[in-house]
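Shown here is one chain on its own, the form predicted on its own, set out as structure tokens.
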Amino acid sequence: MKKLAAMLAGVALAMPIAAAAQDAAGTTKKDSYRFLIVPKVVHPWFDKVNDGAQMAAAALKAQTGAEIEIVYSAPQTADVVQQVQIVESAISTRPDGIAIDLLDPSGNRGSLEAAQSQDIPLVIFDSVPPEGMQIPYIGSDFCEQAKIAARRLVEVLGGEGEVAIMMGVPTAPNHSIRAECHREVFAEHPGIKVVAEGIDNDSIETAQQQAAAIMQANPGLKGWVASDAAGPIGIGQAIVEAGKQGQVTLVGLDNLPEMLDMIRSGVADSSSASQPELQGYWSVMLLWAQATGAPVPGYLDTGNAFLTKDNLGN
């Protein structure tokens, strides 16, 4: 009897442990998941984000057997109203998570709060959360990325010359942070003068038009930096069209194929690049982790790379 009593006591002690194991973080399981990826705008950089998201979906299916659907939905223009409409429409379909690159934190806040009120997991990529909102976010150090580019331009110009900044979408947190950090670097060098700032709204065509107009109005311009991935491509096109290769130095941003081609051909000196594929991959991984009840980090840094003709290869 004593042995039986001891065994029963052992079972009784084990039962709460077993129950706790069943409720352990990250153990909620489904046969299928549907995640929404919402970029700022239709853009090649975000195509790379989507590539990364699809890689994560394939990895999760291979490892867990679950069906993972990635719904990629981009606004046609960098319009926060369109972006909010996409998110609000998605909320009604109860996705298992939404990853979004914010166009305007104040404009996006309401739709993010609506998703949170329905316990829909959120991740912000290539941006930062609206003030006071606890949402996991993924990206690189936007300020450091900009400073790498601005310092390089100062170095190439020998600390002297007129420069211009392409700002991207001024309300977008990552773009505004980069623009401000470009200014901070240039302000440290008395010989550098910022003579113009363009706004391209993440459009290559608009960046080309803005750059062409700025160079025409400032014939002594010696260098360019940008705050978005579209900006340097449009700037490079304007430099070529104006016949100013070798006269105007471009230090670009990110790693789109056009940007890499301009470095190889000498239109651009270099680029300070984030890694969009990693941002897409880890956005899905963090959404999936939240959907399973697992804890996730508040911030995941995917890092920056400095690209030159020497380290790109052919």
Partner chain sequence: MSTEHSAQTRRPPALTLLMRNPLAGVFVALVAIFAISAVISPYFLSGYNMSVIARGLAFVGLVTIAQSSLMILGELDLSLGTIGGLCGVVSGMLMVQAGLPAPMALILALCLGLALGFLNGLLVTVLGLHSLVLTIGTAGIYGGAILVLTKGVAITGIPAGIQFLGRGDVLGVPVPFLIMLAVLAIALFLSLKTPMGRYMYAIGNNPAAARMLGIRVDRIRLLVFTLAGMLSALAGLLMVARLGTAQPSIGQTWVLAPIAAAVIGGVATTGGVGSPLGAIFGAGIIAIIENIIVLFGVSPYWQGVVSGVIVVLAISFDALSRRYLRRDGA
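Since we're looking at a predicted model, the values are computed, not measured. Positions refer to the first chain, counted from 1.
Another form exists, predicted together with its partner chain; not displayed. Remarks below refer to it.
A.B. asks: Taking 4.5 Å between heavy atoms as the contact cutoff, choose which of A114, I214, I192, I177 touches its partner chain in the predicted complex.
C.D. replies: Contact with its partner chain in the predicted complex is made by A114 alone.
A.B. asks: Using a 4.5 Å heavy atom cut-off, which residue among L221, V84, I98, I148 comes into contact with its partner chain in the predicted complex?
C.D. replies: Looking at the other structure, the residue within range turns out to be V84.
A.B. asks: Tell me, yes or no, whether P130 is in contact with its partner chain in the predicted complex, where a contact means a heavy atom of each within 4.5 Å.
C.D. replies: It does not: once its partner chain is placed as it appears in the predicted complex, P130 has no heavy atom within 4.5 Å of it.
A.B. asks: Please run the contact check for Q134 against its partner chain in the predicted complex: heavy atoms, 4.5 angstroms, yes or no?
C.D. replies: Q134 lies outside the contact set for its partner chain.
A.B. asks: Within 4.5 Å, heavy atoms only: does D104 come near its partner chain in the predicted complex?
C.D. replies: Taking the distances in the predicted complex, the answer for D104 is yes, it comes within 4.5 Å of its partner chain.
A.B. asks: Is there any non-hydrogen atom of A62 lying within 4.5 Å of its partner chain in the predicted complex?
C.D. replies: Close contact is absent here: in the predicted complex, A62 is far from its partner chain, nothing within 4.5 Å, heavy atoms only.
A.B. asks: Based on heavy atom distances of 4.5 Å or less, which listed stretch (36 to 44, 243 to 251, 273 to 281, 259 to 267) is in contact with its partner chain in the predicted complex?
C.D. replies: The contacting stretch here is 36 to 44.
A.B. asks: Just to make sure I understand: among 66 to 91, which residues lie within 4.5 Å of its partner chain in the predicted complex, judging by heavy atoms?
C.D. replies: Heavy-atom contacts to its partner chain in the predicted complex: V71, Y72, S73, A74, Q76, D79, V80, V81, Q82, V84, Q85, I86, E88, S89, A90, I91.
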